[in-house]
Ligand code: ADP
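There is one chain below, alone, in structure tokens, taken in the form predicted alone.
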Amino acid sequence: MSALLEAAGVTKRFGGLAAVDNVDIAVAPGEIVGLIGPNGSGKTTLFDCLSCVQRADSGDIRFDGVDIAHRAPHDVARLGMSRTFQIIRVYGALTVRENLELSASWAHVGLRRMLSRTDAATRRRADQLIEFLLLGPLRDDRADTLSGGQRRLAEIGMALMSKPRLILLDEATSGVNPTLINDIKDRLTAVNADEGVALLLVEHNVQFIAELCERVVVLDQGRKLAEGTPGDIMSNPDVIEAYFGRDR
């Protein structure tokens, strides 16, 4: 199957430091892929390059066959790639429904439409996602009153509003109460199964990755260390050493 997202030789330097060093990664349509590694291994920087939040210094990045390496982030979003961030990005002064409606507007139609009244189709999409994400009773609450897990679900809803083909999820369980982690996992599984959305996840919760992903890529010191099924990765001695150090 042809890759939906395909990146080859991606490199990003900050001064003399290669935060991402010649990394290849691909995600097929409908696939769920995990991206793990120790702190400082380059995971979020690679995400930034793939979503064009930062421009890679070198390498080829293609989405659905289109070269996106030099595109603006909003152009990439319009092609069908959404992104969440390690630090949750919701508009605290707006309601849950308003956050979702606004995210659809910038993804598709630009500033003029953003300032006009939301159309009926967008309102329906927002309401459907709010119910799907178990946020129905909170739809009219301000986002800054939500718990960390509820805000994460709202952010996932924002990423889904534009009906993307791929979502890059950065630390979906960070700051989330353990009681909500299973809800997030279940909702992501359903999004993948029901809408065919591919997922690429950066995550420190290795158990979450093992239960959700079909394939896992491991970074260490900016380079790809390993790639395989969750079972292969969890038993890989190089991965164990990267996380826990060599036995002495």
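In this text, residue numbers run from 1 along the sequence as written. Remember, predicted model here, so these are calculated numbers, not experimental data.
This next part talks about the form predicted in complex with adenosine-5'-diphosphate (ADP), which is not shown.
The stretch in contact with adenosine-5'-diphosphate (ADP) in the predicted bound form, judged by heavy atoms within 4.5 Å, is 42-50, chosen from 23-31, 42-50, 187-195, 65-73. Here the marked residues Leu17, Pro38 and Gln86 all reach adenosine-5'-diphosphate (ADP) in the predicted bound form, each with a heavy atom within 4.5 angstroms. Using a 4.5 Å cut-off on any heavy atom, none of the residues of 129-160 reaches adenosine-5'-diphosphate (ADP) in the predicted bound form.
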